[in-house]
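Shown below, as structure tokens, is a lone chain in the form predicted on its own; questions about how it binds or moves come after it.
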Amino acid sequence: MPRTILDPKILRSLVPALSFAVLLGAIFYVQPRTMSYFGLNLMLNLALPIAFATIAQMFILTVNDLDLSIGSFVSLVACITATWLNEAPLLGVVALLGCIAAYAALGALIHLRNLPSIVVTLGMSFVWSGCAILLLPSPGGSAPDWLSGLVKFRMPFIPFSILASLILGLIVHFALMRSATGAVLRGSGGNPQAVERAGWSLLKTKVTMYALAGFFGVMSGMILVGTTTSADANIALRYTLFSIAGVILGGGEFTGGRVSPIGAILGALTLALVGSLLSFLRISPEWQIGAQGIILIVVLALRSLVNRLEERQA
């Protein structure tokens, strides 16, 4: 039988896009002036760093781990970018490469010692935060000129943050979902025994995924500084929850290596829009965090319902 839009598998893949479209439509209805290049750019100017952080979390979830330190890690990268990378570029580059290497080593430690990732990364969150505070005790620093120019590049028809986010999703999708290497990396989370029997090293796959997470975390922090032009040791702490919610909202699972790069990007864009909608509804900042949680619960409950329909059909 040909599939229809009511097929649970198709519905599951459409939930991220539908969530984004519904939220964007609600914003346009509440504030029609946002239906413009300037309005979209203003609402989604911070979407790109959230998208990179979400992709970083997605790589960790692919191997059945969970990273509770990505927010503090991005904050540290932001502090390095706004200080060392701007004042002493060579030192800054070495420090950022060291951050990626540290993430790869973290993956090796978790695998070799069979440690729970949630505990290890929670501990590392304090390490990253401590290093960020030592480097930049108070908000300050400045973004390198080349980085600010890149992030603030003005595209002719669509804001740079939206286009770059979509390109990011497509690149990761083809690399992770449409390549032989990507199948092995996903298989290490979906069926690690089969991957190991096929002769692949689970240690190498986990180190690779953690290194990729570190790379995209570095990109998130750099782009965040390019957007805000300064840094703070606590600038991206909320990215930890945003990244987890973005991956799950986009169709990912906590186990089984089941992820969707394009869905994760749409989830990140949706999260970036939530704050704008609440502001337009004139909800006070004290209530916005709770309201964001309610919106996420509703969307995730819808996705859970679709998953149950898919399981019953199977």
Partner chain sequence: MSPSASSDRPIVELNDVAKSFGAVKALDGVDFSVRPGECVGVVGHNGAGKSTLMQVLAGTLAHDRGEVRLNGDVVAASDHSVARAHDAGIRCVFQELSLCPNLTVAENTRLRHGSIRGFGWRRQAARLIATKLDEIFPDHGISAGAVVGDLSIGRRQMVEIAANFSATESEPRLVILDEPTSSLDQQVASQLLAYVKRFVEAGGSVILISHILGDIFGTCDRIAVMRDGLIVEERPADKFDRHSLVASMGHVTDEDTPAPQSQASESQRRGEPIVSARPPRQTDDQRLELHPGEIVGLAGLAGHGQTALLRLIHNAARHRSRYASVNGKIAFVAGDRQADGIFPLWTIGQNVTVRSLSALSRLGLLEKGREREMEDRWRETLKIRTPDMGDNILTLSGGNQQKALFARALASDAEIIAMDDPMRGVDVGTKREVYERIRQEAENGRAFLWYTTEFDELVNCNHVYVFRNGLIAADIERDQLSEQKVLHASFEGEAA
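Positions refer to the first chain, counted from 1. Just so we're clear, the structure is a prediction, and the values are computed from it rather than from any experiment.
Quick note: we don't show the form predicted in complex with its partner chain, though the next part is all about it.
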Exercise for review: Tell me, out of 106, 195, 147, 212, which residue has a non-hydrogen atom within 4.5 angstroms of its partner chain in the predicted bound form.
Suggested key: 195
Revision key, fill the gap. Assert contact_stretch over 219-227, 77-85, 175-183, 147-155 against its partner chain in the predicted bound form, heavy atom within 4.5 Å, equals 175-183
Check your understanding: Does residue 252 reach its partner chain in the predicted bound form, with heavy atoms at most 4.5 Å apart?
Key -> no
Check your understanding: Quick one: is residue 200 in contact with its partner chain in the predicted bound form, heavy atoms, 4.5 Å cut-off?
Key -> yes
Check your understanding: Quick one: does residue 39 come within 4.5 Å of its partner chain in the predicted bound form, counting heavy atoms only?
Key -> no
Check your understanding: Does residue 275 make contact with its partner chain in the predicted bound form, using a 4.5 Å heavy atom cut-off?
Key -> no
Review point. Who in 237-275 is close to its partner chain in the predicted bound form, meaning a heavy atom within 4.5 Å?
Key: 256, 257, 258
